[in-house]
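Given as structure tokens, the chain that follows is alone and in the form predicted on its own.
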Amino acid sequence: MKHLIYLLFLITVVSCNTDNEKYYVQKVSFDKNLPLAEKVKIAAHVVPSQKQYDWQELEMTAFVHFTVNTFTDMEWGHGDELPEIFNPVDLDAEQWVKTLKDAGMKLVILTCKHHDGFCLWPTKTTKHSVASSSWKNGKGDVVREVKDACEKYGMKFGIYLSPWDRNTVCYGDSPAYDKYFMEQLTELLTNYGKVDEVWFDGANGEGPNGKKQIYNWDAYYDLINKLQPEAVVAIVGEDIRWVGTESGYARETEWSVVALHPGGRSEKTEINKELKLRATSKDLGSRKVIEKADHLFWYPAEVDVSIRPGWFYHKNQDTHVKSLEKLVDIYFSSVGRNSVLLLNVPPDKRGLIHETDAKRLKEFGDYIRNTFRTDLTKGAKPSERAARKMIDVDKDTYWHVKELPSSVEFRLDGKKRFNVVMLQEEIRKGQRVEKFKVEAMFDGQWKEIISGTTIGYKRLLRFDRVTTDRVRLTILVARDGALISRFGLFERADILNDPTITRNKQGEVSIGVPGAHSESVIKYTTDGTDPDRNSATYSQVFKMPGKGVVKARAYVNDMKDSSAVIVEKFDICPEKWKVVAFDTESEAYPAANAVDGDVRSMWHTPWSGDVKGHPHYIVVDMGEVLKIKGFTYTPRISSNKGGTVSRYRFYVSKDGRNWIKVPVKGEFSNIKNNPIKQEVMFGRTYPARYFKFVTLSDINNEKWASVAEIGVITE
């Protein structure tokens, strides 16, 4: 009884519904020693605020990364860029917004200021803005143009404002910078009408004075609540949670009710540290986590990913826009796993969404619309009358499951063929389901076709096509019953995967199509033209030891249907290369792996015992003098990113004795969250036979380093 009294005393926000159930809006606290069964029942009644629910219904939103980085070919600017370089002469915000809307996005978030400190609106706080740029003679306002375009096309609007600022000298002087930052935030929240989402990342590096800022999150949140109370605040915010990766994939079991303390307030760090929780933790809301907690939050996941390898536009990534198959897989693994997808689409130097990206977005939007246009449960007859509420397309009705496990059978309107199941919970009354399965009747026998754990706002499950006229849904485990608002069956079209093009150390090029149809045909070219039906047919590996371009396209159905054209540009082949020196290596991952032409292997320094820390180094003899204008670093491709290099030095030499330090910034921007192949250009050409790569630090501040591949960019 004392636990119950204590619980009622500590409840943060309570709302009562007409069903006489008690719900806890967005957060609840309770006695840590409360029995687990009581905690789980409380967890079932934690619900979203209205603005969180409205945000979840968006399902797909868009990020637009655009700043001086677009013109310097960088991911993170250093803050010393000249504003004059910003000159997108053909900027067309309506083209952005219409393209994104046609793809199915419902909100656009603009990077109003990234880490470089350059502001896309004519702010009064600094001259480092569009007002000092060449674009429109300093009279332009990107924020205004995007907001106006959103208004025209009925899209919601959000702002990204980086707390980290590598330009302003007051960064690191906490009170002065807080005032500066809040003035910028005030301008954005008062001069452009309604703002629906405010997006803060957690980047907190050094400013131009070498200092780091202590952010006043309390003041930032208070200002937003005052000026835009209906806006959700994401990532380092108290409404929306970062899913923990920039890959595009949510967890298989994704809870919106979690013990992870939201936002950046000072008490958050200690609470999460005590629970050993972070945004990247594999488990944030299971019974095991709840058992340790004395508070729970409705803190849903947002899945951010870019349509290209990088977040800003880079011309050399025009041929690496994500395939339709990849985007669809991301959709099912984000929206289909109780999350909202935030897809980044960066405009190019012209100020336009590139033609390749626009075409892929149209294909993506059409595919999703076509997949979910026809629900095959229409006309079905459920075995339980109340279960009709799951197929009546009224989001305010639901099937209330009280006894567990509990099943309902649907007799379809004739035999139907499908390969997708959709499930939704009435999350305005909590997220409850922990385990379920779906079965189909074949030859008089029930056979499981798919199963899952959490549902939440939406769960989408794919499987091989089945044809049947009877389907059964069983809720196996749930928290205080289950409230299922939607059950749907759909058929999605097969997608011909794009080809993959690889080259080994010996210069042998291989082309394949993952999961290819047995009758698929691959056409390819090496002369720079796009392959068509009359191009060479790929049948075996071929040699390309020097620089070159390979383009490939797959065909099926008697050459009637084709994939996209995939392009790989190769530089000099490392066939002659040898590792001639290194400071240390682990027995399983020798230094030679860094130049073996295989990204699946790696050089890794020792990580156990008496470990030597940074700097680590590797020296490569290329076997001949080459004119080098840059280098590439590919981080390890496993889920474990230990040793991924963040800061480095690079040296070149003609004789292996006299070395020249190449004057590059020595930083792999955002590689921790987006561990993709890095390309670094030198600004001039160096004749060299040897190069030395020196690691200064890794992404986790550990003592070891790892390299999947390291290469050079030649003239």
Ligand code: FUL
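Residue numbers run from 1 along the displayed sequence. Since this is a predicted model, take the numbers as computed values, not measurements.
Same protein, other form: the form predicted in complex with beta-L-fucopyranose, not shown, and the subject of what follows.
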Review point. Considering 116, 304, 238, 425, which brings a non-hydrogen atom within 4.5 Å of beta-L-fucopyranose in the predicted complex?
Key: 304
Practice item. Tell me, out of 653, 646, 673, 49, which residue has a non-hydrogen atom within 4.5 angstroms of beta-L-fucopyranose in the predicted complex. Key: 673
Review point. Just one of 570-578, 598-606, 356-364, 195-203 has heavy atoms within 4.5 Å of beta-L-fucopyranose in the predicted complex; which?
Key: 195-203
Exercise for review: Give a yes or no for residue 63: in the predicted complex, does one of its heavy atoms lie within 4.5 Å of a heavy atom belonging to beta-L-fucopyranose?
Suggested key: yes
Practice item. Would you check, heavy atoms only and a 4.5 Å threshold, whether residue 409 touches beta-L-fucopyranose in the predicted complex? Key: no
Review point. Would residue 311 count as touching beta-L-fucopyranose in the predicted complex under a 4.5 Å heavy atom rule?
Key: yes
Practice item. Mark residue 399 yes when one of its heavy atoms lies within 4.5 Å of a heavy atom of beta-L-fucopyranose in the predicted complex, and no otherwise. Key: no
**Study point:** Stretch 64-85: residues contacting beta-L-fucopyranose in the predicted complex, 4.5 Å heavy atom cut-off
**Key:** 65, 75, 76
